[in-house]
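One chain is shown next in structure tokens, namely the form predicted alone.
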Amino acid sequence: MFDKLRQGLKGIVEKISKTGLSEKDLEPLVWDLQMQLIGSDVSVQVAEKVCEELRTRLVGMEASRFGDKSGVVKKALKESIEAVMQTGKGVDLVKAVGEAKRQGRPYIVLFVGINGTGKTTSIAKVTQLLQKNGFSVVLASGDTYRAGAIEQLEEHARRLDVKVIRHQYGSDAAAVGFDAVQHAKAKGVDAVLIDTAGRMQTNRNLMDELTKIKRVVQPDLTIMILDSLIGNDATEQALTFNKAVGFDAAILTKVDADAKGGSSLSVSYLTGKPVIYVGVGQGYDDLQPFDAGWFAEKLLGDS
């Protein structure tokens, strides 16, 4: 996980640790850091911000002239990464579902994203998370376009022992979501998780349909599913979806296989939306709460 970026940052820390902490001494090394970040799929804007944060923390800092400065430098870089990633108000999904239950209503979550990001599997993982916290769940098969999509969701539902609300292929996805919400209200189900058709952000008709689904079901939370392996494309997708449809938080998938880590670092800062979970494997339990401290530690750790 993040191996390429980790090794690059380790080298930068070592170089800075062997030089002075004046602005003149730091300038070429901070530039090296910026290039290292950009080469690991961190957006230019975010790379510049991390470097600005690091420069502010290090210039003129008191450190032993002859001793090892690596601890000081590493701490400053960790704080710089955390500062950039702490953008947008986080969402405690379990707490939010519990609050809605106390209000006597289902909590509605709409999942959006393009094809191949792991959206349906992420829905299954969120289902398991909620079940483990004592909540009941109903799934809505709003992907009425892709062949096999309904069956894929139903297979996850069978394994997790939850109900799926479905219509025929080609039917109105907004109607599927509406029926799922009505079912949850009638049966006292705690959470409604709505799958949608994967769509490229450039497909205006499908984006319009997504807007219609949001208007009809009025979700409490819209989650964008992003594939961390596609780097800067994930950030571009997030920006376009947020502008066209709007989302509240993101889940990054396939983080366990991401050697670069750039999209993880860029998405929150550029969209202003928090990453709330990361997928770290194929199992239903392989969904981990995300926080900036965890990410920075992974980047700067030794393993």
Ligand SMILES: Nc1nc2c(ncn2[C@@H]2O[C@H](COP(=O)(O)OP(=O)(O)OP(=O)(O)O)[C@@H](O)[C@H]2O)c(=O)[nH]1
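Position 1 is the first residue in the sequence shown; the rest follow in order. Note that the coordinates shown come from a computational prediction; the quantities given were computed from them, not determined experimentally.
Same protein, other form: the form predicted in complex with this ligand, not shown, and the subject of what follows.
Chemist: Pick from 209-217, 132-140, 162-170, 145-153: which stretch has non-hydrogen atoms within 4.5 Å of this ligand in the model of the complex?
Modeler: That would be stretch 145-153.
Chemist: Sort through Ile81, Ile114, Leu110, Ala184 and report the residue having a heavy atom within 4.5 Å of this ligand in the model of the complex.
Modeler: Of the listed residues, the single hit is Ile114.
Chemist: Could you work out which of Ile12, Val280, Ala292, Leu21 is the residue within 4.5 angstroms of this ligand in the model of the complex, going by heavy atoms?
Modeler: Of the candidates Ile12, Val280, Ala292, Leu21, Val280 is the one lying within 4.5 Å of this ligand in the model of the complex.
Chemist: Can you check whether Glu27 is within 4.5 Å of this ligand in the model of the complex, heavy atom basis?
Modeler: Glu27 lies outside the contact set for this ligand.
Chemist: Would Thr253 show up as a contact with this ligand in the model of the complex if we use heavy atoms at 4.5 Å?
Modeler: Answer yes; at least one heavy atom of Thr253 falls within 4.5 Å of this ligand in the model of the complex.
Chemist: Indicate whether Thr120 is a 4.5 Å heavy atom neighbour of this ligand in the model of the complex.
Modeler: Flag for Thr120 set to yes.
Chemist: Does Gly98 reach this ligand in the model of the complex, with heavy atoms at most 4.5 Å apart?
Modeler: Taking the distances in the model of the complex, the answer for Gly98 is no, it never comes within 4.5 Å of this ligand.
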